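Shown below, as structure tokens, is a lone chain in the form predicted on its own; questions about how it binds or moves come after it.
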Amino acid sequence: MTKNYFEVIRPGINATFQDLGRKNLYHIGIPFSGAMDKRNYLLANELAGNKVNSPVIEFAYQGPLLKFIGEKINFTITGDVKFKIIKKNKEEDGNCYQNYKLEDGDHLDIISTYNSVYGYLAISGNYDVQLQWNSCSINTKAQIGSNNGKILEKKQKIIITETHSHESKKKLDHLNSKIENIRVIKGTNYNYFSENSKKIFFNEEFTVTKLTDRMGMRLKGAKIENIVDTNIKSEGIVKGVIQVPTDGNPIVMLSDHGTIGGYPKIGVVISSDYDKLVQLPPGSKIKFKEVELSDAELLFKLYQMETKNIISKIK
């Protein structure tokens, strides 16, 4: 039996193995991590015919250039991504949310994301990756997860196991929708900020800066004034928390965030808007809208129902 693997010709930008992440480890300083855009992660595995929590390759902005060695295998890419399949010097432009076949010697060139940040590569099989706390997800800041907690590297071999080729081509007509406002609930330190700053937070635009990665998203805009204390005793934080440091520019904590923090928290991004938030590239404009906790819970249930409905349309 031929050994199946990818050879990394170009690693791309921040390409890592991800799944749904880790649970219940905050008490030892380990965040969830996992795929940044959960919906596109789930769609990638469904299109590839995989189990729900199977490892995928997540990439930011530019993906890897991979050479496939072995028996034929199907793959799919989700997100807003430009990519090509190169077969014996013949190039074919690929479409996201559709299965394609790779054969021995073929190249897959994931060129770039389009007006977004993250894309996902799933294969009809499993990557040979190590699990840590029941997850392959890589957190490069803490160097935990598969691949020794590191991004993909040039000339690396990615071994593929348990392949299952699908002769029928799966496809989904899907458009990643945009959102006018990012909805938030009030943070635990909401009253640390002046009334004028609260109005600024919910009425003016903020810009996503280049100082953004899987750990956090730094924003820039009108200064948010703290009238109580610019620092607090470090306490637990969760994904989506919006902290305001001394410079008055908010920072949104993302999937690889630290589990404690000492900056006051003005708000928390609701779970149903998180996928769209993380796909905003530097230079994007953000406006925040306040919702109540009960609304956030309902919106998350609707998000889950919508995701199931999209999956049901895969043919």
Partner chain sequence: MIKNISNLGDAALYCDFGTEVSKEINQEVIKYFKNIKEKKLEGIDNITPSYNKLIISFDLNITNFGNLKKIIENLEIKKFESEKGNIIKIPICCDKEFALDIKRLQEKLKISEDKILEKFFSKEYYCYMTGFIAGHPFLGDTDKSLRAKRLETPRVRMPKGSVGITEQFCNIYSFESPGGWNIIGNTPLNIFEKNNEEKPNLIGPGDTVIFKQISMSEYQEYND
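What you see is a predicted model, and the numbers here were worked out from it, not measured in a lab. Residue numbers count along the first chain shown, from 1.
As for the form predicted in complex with its partner chain, it is not shown, yet the points below apply to it.
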property	result
N24, I144 and S271 all contacting its partner chain in the predicted complex, non-hydrogen atom within 4.5 Å	yes
Single option in I159, L211, V238, V228 placed near its partner chain in the predicted complex, where near means a heavy atom within 4.5 Å	V238
Contact stretch among 130-138, 86-94, 67-75, 219-227 - heavy atom within 4.5 Å of its partner chain in the predicted complex	130-138
Exercise: G248 in contact with its partner chain in the predicted complex, heavy atom 4.5 Å	no
Contact test in the predicted complex: R39 vs its partner chain, heavy atoms, 4.5 Å	no
Distance check, V52 to its partner chain in the predicted complex, heavy atom within 4.5 Å	no
Partner proximity in the predicted complex: T207 to its partner chain, non-hydrogen atom cutoff 4.5 Å	no
